[in-house]
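In the form predicted on its own, a lone chain appears below as structure tokens.
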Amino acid sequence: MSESWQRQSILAHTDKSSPLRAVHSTGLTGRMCVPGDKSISHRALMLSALCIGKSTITGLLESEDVIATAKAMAALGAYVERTQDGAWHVQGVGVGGLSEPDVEIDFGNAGTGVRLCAGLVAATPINVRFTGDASLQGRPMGRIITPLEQMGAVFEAQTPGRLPLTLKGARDPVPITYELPMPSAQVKSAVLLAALNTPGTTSVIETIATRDHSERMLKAFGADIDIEMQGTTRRISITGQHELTAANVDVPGDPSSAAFALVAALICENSEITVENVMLNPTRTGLIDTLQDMGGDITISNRRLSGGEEVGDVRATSSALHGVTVPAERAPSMIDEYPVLAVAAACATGTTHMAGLQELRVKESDRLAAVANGLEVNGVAVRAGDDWLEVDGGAVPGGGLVATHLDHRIAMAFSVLGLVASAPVEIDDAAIISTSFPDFIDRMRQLGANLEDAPGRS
């Protein structure tokens, strides 16, 4: 038996609110695997949809965000199915072969999915209407609209730069050279995906390196891609209208998901947790580097290559952490991990200063504000500016109610804070966690974390 989504509408987040209470815990122990990396899962589905032939994806993150991308590819003409063994099979339509969907494509909470899909569609002469949940409708799309319009795409929206919007793909797309105004793997990837069906050579220039999963995977699928280093500047170029070849992808464990268990092990007494098969791409290991700088006992074993990505098993053991200054240039390599880093900082001796965080203002929520508020209501001294956060560590009183603002990483980060707080920490809605880590609560409970369903409070 298989489960397919050919020409069906996209799944949206519809779970009811599910409050959670995190209670002081010690002795977290065990080994665990985390879901497949979200960034790679999105990209594997999209590139498979553009191939000639059938690709097989194993280890795919089966979260709401990624399921939305799977259904989007089906709506655009690819055949997508999941077999009982957990493998995903995608029969592609070839570069330039996407067809106009007969439904609005709803990406739910998936910012990566909608931005990359816009790039995928931008150089194909079809009309696609994109929408999302309330959180996604509040996130800016202008950063991808600017370069894609330069390539010939047209965007129409009732509120400029916001979903819902209609994308009219270019009939005669033109190649561009685009220098990223800010570090953004999503913008870079959107332009590179549009370049696949654009004649000539399109180049993206980045002065600060961002995660390079798109470049690695494009090469694996046979794209005509060239990467040139000019000092610290990277120039990524794609010559378009070159067919892609189907490939098999084994998705490694998501380091952003692994971060929560690793931090929990560091800050909870008598704890030792090993997370297996974690992706260790150098553009994604900023949190591990920072935690080690803070005195965290973290070791990596069984390093190996899987699908072009370095992976390994990461062990974290209870540690006496101390505050550090996190360099701004490290931000792109750990941008999704700052909420849980702030939790670690709250348990460290001294002050931790984090800079270069402007991207956190435009995530699933204003993460900078959400983190600061969550720490404050739990008695942690914190200061925040437009692009920085400073946390004074020590004992965590707890007892607060954390507003997640439909942000899965806020929910998971503060569930970890509650494991060391003197009084329980309550999360207003843990249901949103399913967008990236569907069985997070169960897995943490298996390690010994006291996470309880809560009745909720106003």
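The first residue of the shown sequence is 1; numbering continues from there. Please read these numbers as outputs of a predicted model, since none were measured by experiment.
Not pictured, yet referred to below: the form predicted together with shikimate-3-phosphate.
- The putative spot formed by Arg43, Thr112 and Asp336 is fully lined by shikimate-3-phosphate in the model of the complex; each residue has a non-hydrogen atom within 4.5 angstroms of it.
- Segments offered: 423-431, 35-43, 49-57, 386-394. Contacting shikimate-3-phosphate in the model of the complex at heavy atom distances within 4.5 Å is 35-43.
- Shown alone here, Arg211 lies within 4.5 Å of shikimate-3-phosphate in the model of the complex, counting heavy atoms only.
- None of the heavy atoms of Arg330 is located within 4.5 Å of shikimate-3-phosphate in the model of the complex.
- Although the partner is absent here, Gly240 lies well away from shikimate-3-phosphate in the model of the complex, with no heavy atom inside 4.5 Å.
- Residue contact with shikimate-3-phosphate in the model of the complex: Thr285 places no heavy atom within 4.5 Å of it.
- Contact annotation: of the candidates Arg143, Arg234, Arg82, Arg315, the single residue with a non-hydrogen atom within 4.5 angstroms of shikimate-3-phosphate in the model of the complex is Arg143.
- Here is the short version: of Asp224, Asp250, Glu359, Glu272, the single residue with a heavy atom within 4.5 Å of shikimate-3-phosphate in the model of the complex is Glu359.
- Along 168-185, these residues reach a heavy atom to within 4.5 Å of shikimate-3-phosphate in the model of the complex: Pro183, Ser184, Ala185.
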